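Take a look at this single chain, the form predicted on its own, given in structure tokens.
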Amino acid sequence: MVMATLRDLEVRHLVALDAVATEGTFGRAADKLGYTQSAISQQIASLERLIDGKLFDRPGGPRPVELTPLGERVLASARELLARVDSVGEELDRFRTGEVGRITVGTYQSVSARVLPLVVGRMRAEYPDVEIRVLESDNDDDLDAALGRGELDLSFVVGDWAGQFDSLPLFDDPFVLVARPGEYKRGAVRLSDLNGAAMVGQHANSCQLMNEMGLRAAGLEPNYVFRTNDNGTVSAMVKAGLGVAVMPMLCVDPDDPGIELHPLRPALPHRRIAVAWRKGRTLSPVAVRFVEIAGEVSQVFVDRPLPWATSAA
């Protein structure tokens, strides 16, 4: 019967018990807590009914009250519970301010190499105790499915996901021609000039499909002599003379002296880099800050000078 009624126990009962035991009188306990003495008496009386026993011996007059043996046992448990409550409160405060928490983020190769380190570096500086987990995949469907199932809090994505997810667009990433230095004249290269050229490409993924659709829409049938989903290997094969490549600019190192980047004419549709989360889902403070930082660091890629403009200068 006692166990059942303890479900009606309230924290205020335990706070009143602790205050009376600490202060020695109901009056001083009331002053400490900002209650009336009658309110403290009512809370202690309610607690005694819940535990079906007497908590204090009341000698009367100015002498302090004394805990009964049952009161001493209840007080010990009460202080343990109050300590737990205080600990939970502190933990929630740290969670709300983003000091603690965990975030799981989906990403893909080019973002992992160029964008994600900037975000993680800022997150580590601001929230060193936050646990960051990352899932990388070149398969868009895998990331989309994991995000939809709630296995990821956030994911970097390509394109506009307004229908399926909520998202923040970060920047547009143009497709460029990757060739050996001097293979083409400085500046733009016409797509028609690539007709029949040996090309290095990737296996089917969203960016490669965008790439090939754009080339075919311009009347060019790509002549792929090698495919790999490793961005570094694509550049290495171009440097070795195996062929040229059409790649998103984020996927290549514009400072690599072994390659030269050219804009394409007509230009292929740019791929849009965004960060997405499940539609209608309330993000944790840590996730909200991750999205904010992703937007802030992405300004670097919005403002980046084009390598051919730098060369021309």
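Rigid core: the largest C-alpha set superposing within 1.5 Å between the two forms. Source: prediction; values computed, not measured. Start at 1 and count along the sequence shown; that's the residue number.
Form predicted together with the DNA: not shown, discussed below.
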Exercise. Consider V65 of the chain shown here, and say whether it contacts the DNA in the model of the complex, taking contact as heavy atoms within 4.5 Å.
Key: yes
Exercise. Look up in the model of the complex whether R12 has a non-hydrogen atom within 4.5 angstroms of the DNA, and give yes or no.
Key: yes
Self-check item: Proximity of F26 to the DNA in the model of the complex, heavy atoms at 4.5 Å
Solution: yes
Quiz item: Might S38 be said to contact the DNA in the model of the complex, defining contact as any heavy atom within 4.5 Å?
Solution: yes
Quiz item: Considering R265, H270, R281, R58, which brings a non-hydrogen atom within 4.5 Å of the DNA in the model of the complex?
Solution: R58
Exercise. With the DNA left out here, work out from 283-291, 26-34, 270-278, 248-256 which stretch has heavy atoms within 4.5 Å of it in the model of the complex.
Key: 26-34
Exercise. For H270, decide whether the Cα shift between this form and the one not shown is 2 Å or greater, given a superposition on the rigid core.
Key: no
Quiz prompt | Core-superposed comparison between this form and the one not shown, A21 Cα displacement 2 Å or beyond | solution = yes
